[in-house]
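A single chain, nothing else alongside it, follows as structure tokens in the form predicted on its own.
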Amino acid sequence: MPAPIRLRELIRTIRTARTQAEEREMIQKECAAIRSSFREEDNTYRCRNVAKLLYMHMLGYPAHFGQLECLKLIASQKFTDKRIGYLGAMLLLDERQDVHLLMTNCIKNDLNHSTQYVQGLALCTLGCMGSSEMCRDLAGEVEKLLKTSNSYLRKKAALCAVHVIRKVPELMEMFLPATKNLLSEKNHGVLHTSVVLLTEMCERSPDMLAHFRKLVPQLVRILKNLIMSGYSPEHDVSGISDPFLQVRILRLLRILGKNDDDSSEAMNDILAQVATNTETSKNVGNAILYETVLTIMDIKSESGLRVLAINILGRFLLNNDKNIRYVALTSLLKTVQTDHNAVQRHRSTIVDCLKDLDVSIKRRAMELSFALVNGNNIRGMMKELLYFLDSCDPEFKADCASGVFLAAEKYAPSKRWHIDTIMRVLTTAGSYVRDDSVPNLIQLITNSVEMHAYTVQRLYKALLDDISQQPLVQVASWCIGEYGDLLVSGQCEEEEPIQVTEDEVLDVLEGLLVSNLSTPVTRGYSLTAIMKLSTRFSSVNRIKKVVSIYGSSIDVELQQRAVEYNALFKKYDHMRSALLERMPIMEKTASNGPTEIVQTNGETDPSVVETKHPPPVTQSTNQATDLLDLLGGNDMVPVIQTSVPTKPASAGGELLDLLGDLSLSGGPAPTPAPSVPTSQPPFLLDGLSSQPLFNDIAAAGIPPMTAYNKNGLKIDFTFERANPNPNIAVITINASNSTEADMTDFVFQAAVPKTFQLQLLSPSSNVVPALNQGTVTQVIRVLNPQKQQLRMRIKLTYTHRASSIQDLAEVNNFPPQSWQ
């Protein structure tokens, strides 16, 4: 067989390929020749073939068929063969393949080889791809080489020990004796790898961290020698002596000094020397300074040293390199909470970074600027941030507007300034603000009684200029509806009042109703504002006409509002002035139901809060206590249907009022009775204001069941699981009537043990049609946090063929999937 081509010839040939297909053809042809050579056990050219195979692997072509050939080269006695064999093993093998275990014996033999370079190859391979089994088997040899006097082997053994510790942490103590003399080595390579080994051990074991804290003076001495030593061509990089070793030592000092007073005290002086003596004109020096700053901030350093570190970051902000500026802003953002005053000194430089062209620097500068805002600089900082809001890219506007709102709410020097600032944001970035900004500003305006005339005048002017910013238009509409009389009467004292007539105000609001820029929500605000002005303006007939027009609007929400307002004008005109009077001052902490608004990263998040129930009211014998007796006494919690609907309603109707009317028989609901002394489960009222009654309902594959079948009335239960709370079972009741007469005044009531919580929604009807021509549906939600077997007692009341019927039943055969 002819001799295979050399590696350099293969490279030259592949580079001459003009297309990808031509290159693939060359590779496939050469791979076929290599396979043939491997099959013939050609020892002469095995090394050359594996080298070519590794080059193909680097180009992305499959080379797995050369794995065993690598092992054969490793077993060879020739150094050149071993070198290619170990290189191939590192590239083609990893611990997921069992083939690598065949290397263990070869590596062990080579670790004890008489030639240091062969030992070095074995250490490199073990440190690169050794599995946990290999590390356990060969850790003793590595530890032995770590104690050798040969610096070439010691540095490789130290790095190999790092890999062994990562794979098998329990072997860490084996290397502890060998670390005693590592830092006394003069060779920088050994020092560097020793520091890496010590860092790894300290990060993985608190005991090792405490043990190595005694080495702080020795590390300080090494670092001092590095910064004080003269020029050394062997280690010099841009005029700095071995910056790589300096950075490694600084990282180890940071770990050793964290939360330790004595160690921190021992390294304060050397950190100050590094911070003041390091050259900053080259990137090498900046890297050392950055590590120094991180170390100062992490240990228990002196206040003066921390100020020095922040000043270094301030100098970084003036650097032309964008990466250095970004690193400085990120580091200042981390330290601003602990060293606020020191960071404040660089406020002007930070604000200048808002004008940077780099978007990542701009974002970091914006976040840091908001972190620097306080009561003393609020006016100046807001001026800069509002200017930034005007000119920034759309991707920044939402976060910037959110930050301005929060800062203004926290540090506003006056209510007028607060209102002006929020209005400026709505004017420039109204389309990007959070959903809660409109109600928050309305609340602020409502509570600022002395500013009503000024605010409504400013907002009216803003409407005349621009109606494209919907949140601004919504707030303006609300204010004009509330305080339109102040606008027309010209009572503004803060600035020169404008002369506006009632018709001009109504023209503006009507223009919003017909504008293509207005969203349905904005039109709702405008229509409500016009309705409110019917009690503040004299143009009532014009307002009636506008409201009546929208009674047939294609927008269902707008139509509903208009129909209700028309009813106010016609049937309830005597109540109109009371219903539309000015809103009272709103409490800041007021919340609807058991939810409160929690601010999380610029978004509102409803979270359930613990509700305190009023003390139970003593109640005389009534229908509620009768039901408790009927259903078995003290261990059951009743949930009783309050009233029977006179027309069909959706299953997702209003929540059951557990403390309201208690109707146990057919016919109209009685007068409201006193409260039932039962504690109310908080989940029943969750999300009344902010989320639909049902979350997404997902079928859970639970078989249906028949709960009641008697006298022609059949009650079937079907089950679903509420999402996202798997502890809530949603049971749908389907009542059918197989008799020849309708069952009227149908009422379904239920009770469960006290370990459960139950919510019964309104039924779809109170009439069960005869001959199975229809069903009455009703939804029950059962909360079962303890996953206990579900039991339920039901009470059925209905009228059939002019006679009133009541019946009780107990349901205990619920399928396990419904409660597990």
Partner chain sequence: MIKAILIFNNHGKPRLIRFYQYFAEDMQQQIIRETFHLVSKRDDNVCNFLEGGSLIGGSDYKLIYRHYATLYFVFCVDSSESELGILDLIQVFVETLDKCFENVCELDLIFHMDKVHYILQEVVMGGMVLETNMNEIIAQVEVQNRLEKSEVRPFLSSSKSFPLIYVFGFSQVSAIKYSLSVL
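What you are looking at is a predicted structure, and each value in this text was computed from that prediction instead of being measured. Numbering follows the first chain given and starts at 1.
Although it is not shown, the form predicted together with its partner chain is what the next lines describe.
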statement: The stretch from 475-483, 149-157, 740-748, 102-110 that lies within 4.5 Å of its partner chain in the predicted bound form, judged by heavy atoms, is 149-157
field: Contact at 348, 422 and 461 by its partner chain in the predicted bound form, all three, heavy atom at most 4.5 Å
entry: no
- line: Picking from 532, 523, 397, 364, the single residue whose non-hydrogen atoms come within 4.5 angstroms of its partner chain in the predicted bound form is 364
message: Give me the residue from 224, 300, 714, 83 that has a heavy atom within 4.5 Å of its partner chain in the predicted bound form.
response: 83
field: residue 7: touches its partner chain in the predicted bound form, heavy atom cutoff 4.5 angstroms
entry: yes
- prompt: According to a 4.5 angstroms non-hydrogen atom cut-off, is residue 141 in contact with its partner chain in the predicted bound form?
  reply: no
- prompt: Would residue 123 sit within 4.5 Å of its partner chain in the predicted bound form, counting heavy atoms only?
  reply: yes
message: Contact with its partner chain in the predicted bound form for residue 94, defined as at least one heavy atom pair within 4.5 Å: yes or no?
response: yes
field: Contacts with its partner chain in the predicted bound form, stretch 259-288 (heavy atom within 4.5 Å)
entry: 283, 284, 286, 287
